[in-house]
Ligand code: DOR
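Just one chain follows, in the form predicted on its own, and it is written as structure tokens.
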Amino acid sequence: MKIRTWDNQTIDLPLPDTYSTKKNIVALPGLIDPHVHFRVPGAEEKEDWHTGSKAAIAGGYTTIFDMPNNTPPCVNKATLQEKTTRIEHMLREADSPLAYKLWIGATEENIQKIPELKHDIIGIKVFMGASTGTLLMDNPDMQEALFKMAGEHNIVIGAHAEDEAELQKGKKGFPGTTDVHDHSKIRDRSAAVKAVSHAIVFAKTYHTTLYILHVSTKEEVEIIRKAKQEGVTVYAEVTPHHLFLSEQDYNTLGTKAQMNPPLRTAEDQQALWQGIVDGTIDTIGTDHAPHTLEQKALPYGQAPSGVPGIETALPLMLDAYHKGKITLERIIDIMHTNSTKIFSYIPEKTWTIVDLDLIKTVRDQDMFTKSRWSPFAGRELKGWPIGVVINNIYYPSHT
């Protein structure tokens, strides 16, 4: 049937005839999520590529880039090949058309070996501060060596930019706390600001392409904006949870609202939205990082950080579009086009089909992620994906 595209063209796509009577069905370019954690290998009780690929399709995504902080971490040729083999097996079992690329993790031991794998990876993930998993590179000399190598070999560095020394200082200030409200104080904004500043200096010095993951503070936005004006090749990602949740949500969500970097203030949210509008923010990365409800129900200090988000990112952004916060064109920029440019990634021709008039409430029981919960449960949103088209085959979002 004939479908209107976001730029008011008309194309023929193999959608069910039941959609022919709906007025606001629109085809967008297939969404790309540059930041997910599908938990394979090592944490399959939280997610795997059977459930993760279904969740991605349900959210309107046709391509994802998976992170390396697995068990064991994905840091060399052997672990990269083993991870790829397991993913391919699961995708075949699930009969899933989801496309993917993999990040490799930076360690002090693998810097000189990474160039051999540059055509097999989407980029290098460096944890400047500790988060989920064992990967950490907090030595400034090693960080500099990593940026130098990546600049010489034209490999993107994706930085989890929280300074480890600042994080350790924060922990000392709240010994033994079980109050989740302290999470945003322990992982204070100073950790993010310091790490982003250092990463930008390295990127500027070595002409490295720097992709700053999950920007959360107004200061980071200001620093990145200034760096871009100075010609530094730096790009910024923001997550749906930092756009649509704030520190106030600890009151109702408890440790379900615990993630790294943590939630910030309403003022920070406003700065993130302004960064989207003026182009300082380049992408939406869901940082889809599911944990089981049992794990998230543990007291603060034992509960892991991270939230699922790949199924709700597009509905949240389409709802924001209806509320006048963002244009449809800008949604396409930050959820498709910019990722193809930053990562020199050429996707297959795919489409994300949305019903701009569809109003639904987010419900835990509707989630395809193995964790089966969402921090946005209970929110009524207008505008939802109804399927994707890959290789001219229609895959419905919800079956």
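Residue numbers run from 1 along the displayed sequence. This structure is a prediction, so every number in the text was calculated from the model and none was measured.
What comes next is about the form predicted together with this ligand, which is not displayed.
Ser131 is the sole member of Ser131, Thr209, Thr255, Thr217 with a non-hydrogen atom within 4.5 Å of this ligand in the predicted complex.
With the partner omitted from this view, the residue of His37, Lys370, His336, Lys54 that lies near this ligand in the predicted complex is His37 [heavy atom within 4.5 Å]. Looking at this ligand in the predicted complex, residues Phe127, Met259 and Asp287 each place a heavy atom within 4.5 Å of it.
The shortest heavy atom separation between Ser305 and this ligand in the predicted complex is within 4.5 Å. Contact annotation: Ser374 falls outside 4.5 Å of this ligand in the predicted complex, judged by heavy atom distances. Proximity of Thr63 to this ligand in the predicted complex falls outside the 4.5 Å heavy atom cutoff. Among heavy atoms of Thr350, none comes within 4.5 Å of this ligand in the predicted complex. Stretch 289 to 297 is the contacting one of 110 to 118, 228 to 236, 163 to 171, 289 to 297, since its residues have non-hydrogen atoms within 4.5 Å of this ligand in the predicted complex. Residues of 69 to 106 placing a heavy atom within 4.5 Å of this ligand in the predicted complex: Asn69 alone.
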